[in-house]
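Encoded as structure tokens, the following chain is the form predicted alone, with no partner shown.
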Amino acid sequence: MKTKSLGSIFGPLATVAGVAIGHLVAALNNNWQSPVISLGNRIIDHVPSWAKKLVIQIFGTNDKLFLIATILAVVFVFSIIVGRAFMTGKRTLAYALIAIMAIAASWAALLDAQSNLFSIIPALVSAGVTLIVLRWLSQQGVSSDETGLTFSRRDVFKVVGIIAAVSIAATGAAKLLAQKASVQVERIKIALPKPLKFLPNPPVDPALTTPGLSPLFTPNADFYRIDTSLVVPNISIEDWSLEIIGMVANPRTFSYAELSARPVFELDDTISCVSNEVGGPLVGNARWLGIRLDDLIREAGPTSDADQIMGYSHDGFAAGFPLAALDGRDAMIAIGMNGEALPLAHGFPARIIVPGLYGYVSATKWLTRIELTRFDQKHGYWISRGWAERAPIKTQSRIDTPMDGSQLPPGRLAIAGVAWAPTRGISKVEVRIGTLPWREATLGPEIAKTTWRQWWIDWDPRKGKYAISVRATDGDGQLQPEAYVPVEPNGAEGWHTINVEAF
């Protein structure tokens, strides 16, 4: 194999080794990030709102995986250019391109939350390893006066194997270090405090007898995750604290032990992402355990002109909601979810839950600070990107089964789904099949006004094609609007409709 072709192989090989070693180095310190993650964080910070909305619509909860894959694809193309330049004698150009990559990654690292000057070390190590490996690869061939440096297929397989082994070992070691440094074991050992009064045990779940219907409570492993963090933070409860600052008379700081020693209560609540399209999956119901937020804010003593509660995440995200939302609706600092300590992906050690508000203004995960402020002085992450300041969850209903596009076999079946209007509840759900009149559905148990309700009807379809629609009426008697409204700036509206064919 000749020199011109080698650059397209050696450039990516050297870059893979550099990224892997940089990832390993980043795992040595909880406040350092892999260069790829730091670059991804900056893209998230600056990507237009319409682009993020589009990615979520297409990829859903895989939006972060898509972003990382895109970054790696760009780095791969860049590395081919570097490799070809290096192997064809244009080494000054190759050095300059590697330097540009190092500067970009270092800049991204310095802007990460919890960063300091030493946060650039993983980026610099990645660049240095890339250069060292590239130089080493260029010395492994056989010189020829006529063709320059040449490699046999055996030589190429050998170096590919060596680099692959080193990269896999480095990535594996980084994962082990992250697991060792993570709080997963610590979290599992946590004994959650007992509420003064337990909520009643849930009723028998209708989903057990209706295949395809969403369960009454969404299992933690299936609960949707939408946030701006590419990597789930590992926060030890020994290092964690919660500050309440800003426009307050009595600033407070709590350790995890101090916070969890306070009285706790249980809350059944459905939360939803504002990016959830009509009929979308970005909604879930859970039984939360936590500390009353209104008690904490009352003790801090907000000043008379404060009107916003801003929550700050460990990763730098901020979300603010009205102080007036602490109106007795059981807003909490949650530390438990469905009978266990908060999963890492859902905000461990603590997050905010405010019934009736979309998560982009209220549900701050990995919570480290609460600030009392004003809407005319500070904006949360998404508000400055064009989304609405006030974000009550709209009445929505969804058909879970049958699925859109289904081909239905002969026989009786169930049309079923869920509807939600947190804090208002659901009083009625209706289903329309084709041009037939609306039918009122059977409602599942109402465990709280803050949760979704399951619904279903029986149907024995005749052969043909059908459009099936659903609409809900909330507990205040307000019918869910029919006209479609897009998710931006304050949540989608419209009746969920599917198309099926019966044989």
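One rule holds for the numbers: they count along the sequence shown, beginning at 1. Values in this document were obtained by computation on a predicted structure and should not be read as measured data.
Not pictured, yet referred to below: the form predicted together with a small molecule.
Undergrad: Ok, 273, 341, 105, 416: which has a heavy atom sitting within 4.5 Å of the small molecule in the model of the complex?
TA: By the 4.5 Å heavy-atom cutoff, the listed residue in contact is 273.
Undergrad: Please identify the residue among 395, 313, 260, 214 with any heavy atom within 4.5 Å of the small molecule in the model of the complex.
TA: By the 4.5 Å heavy-atom cutoff, the listed residue in contact is 313.
Undergrad: Spot the stretch among 408-416, 79-87, 343-351, 425-433 with residues whose non-hydrogen atoms come within 4.5 Å of the small molecule in the model of the complex.
TA: After filtering at 4.5 Å, what remains is 343-351.
Undergrad: Please check if residue 254 has a heavy atom lying within 4.5 Å of any heavy atom of the small molecule in the model of the complex.
TA: It does not: once the small molecule is placed as it appears in the model of the complex, residue 254 has no heavy atom within 4.5 Å of it.
Undergrad: Is there a heavy atom of residue 278 no more than 4.5 Å from a heavy atom of the small molecule in the model of the complex?
TA: Taking the distances in the model of the complex, the answer for residue 278 is no, it never comes within 4.5 Å of the small molecule.
Undergrad: Heavy atoms within 4.5 Å of the small molecule in the model of the complex: does residue 359 have any?
TA: Flag for residue 359 set to yes.
Undergrad: Would residue 379 sit within 4.5 Å of the small molecule in the model of the complex, counting heavy atoms only?
TA: Answer no; every heavy atom of residue 379 is more than 4.5 Å from the small molecule in the model of the complex.
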